[in-house]
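Just one chain is shown here, as structure tokens, and it is the form predicted on its own.
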């Protein structure tokens, strides 16, 4: 049985950074077995599928949001303001992450985190996991039940963290292998090799990460890079033989088309060139970068070097899971710096949807065309809200989208679908 969804649909089938435009249509979508099998007028879709139920959607239908960097353990500590990165890690993030050694805490945080993603309209996420294999087993089980598309993995480090978060190369290898065998490729789940950052990871452990990455088809790599100037200086001291922060990963074969590195606020031209050459992606986390005072993201330089960029909420150091609000922060970052990239609503939507899907090699996710999975979010503000008022005065689809990115929140997310399944 098929279902027809009819309403205002906004998406970006092609990158606005490469000449693509916002597609805005009052249209109807035929969904069969989770796939968009026809797109056209309501009359045409009903002729195509006369037995299908017709659902008229108020508000706006967007592709599901794709978050390319978000820390599962850190949801409870949002709001730790007034500290730079390294102090914030020691005082806020790492103590919270150590609590996930307790399975009950891990279960509670996993449930709250996955519910939060759904309520924010996020249908796909590259999730920075836990340092504990037990917590990752709990998380993968909860993620499988949630219906979301989740890529995640055991976080590893063996220096300069709390002692109770340290691992050994041997244990990291064994635990990752067990998790990959149990969860990678199960339903909508995939595994990402995840050293915390090279500052906390010795060469022996990075070697194990490389071995793990090569151990199965379809694995991803993710970590942090060039977030904070003090962090960068320390990495340089720890890896004197490396030419850059990026090189601390690249020399182990960890950088390629299935690699997503978060932040990259302070890259060198050589690093940008290498990222573009390898096809790796950068997760831009503007809310976190603002809250920790890390700096303004040089988007124009990334675009000039052909580096793929998508959005990440980061969450612990950010302001929440909602990528609408993260998109607005990305806009602010560009407005505030000389030579910033002039983002328009179409760019913001692309960064929050198709760009992330491409970074995660999901070829049938990210826009709402025929042949794509029906991953979608309905934005329908309550009557009398400020967003509802502003939308009623919008003069164009671009105005509508700009208003959503300026004023939208979890409260405006009405329904969420993943692969045609209504999950919220």
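Positions refer to the first chain, counted from 1. All of these numbers come straight from a predicted model, not from anything done at the bench.
Note that the form predicted together with a small molecule isn't included here; everything after this is about it.
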Only hit among 197, 220, 252, 341 for heavy atom within 4.5 Å of the small molecule in the model of the complex is 197
Which one, 308, 333, 71, 184, lies within 4.5 Å of the small molecule in the model of the complex by heavy atoms? 71
Although the small molecule is absent from this view, report whether residue 85 comes within 4.5 Å of it in the model of the complex, heavy atoms only. yes
Can any non-hydrogen atom of residue 261 be found within 4.5 angstroms of the small molecule in the model of the complex? no
Is the gap between residue 292 and the small molecule in the model of the complex 4.5 Å or less for some heavy atom pair? yes
Residue 284 near the small molecule in the model of the complex, any heavy atom under 4.5 Å? no
Picking from 88 to 96, 295 to 303, 113 to 121, 144 to 152, which part of the chain touches the small molecule in the model of the complex when contact means heavy atoms within 4.5 Å? 88 to 96
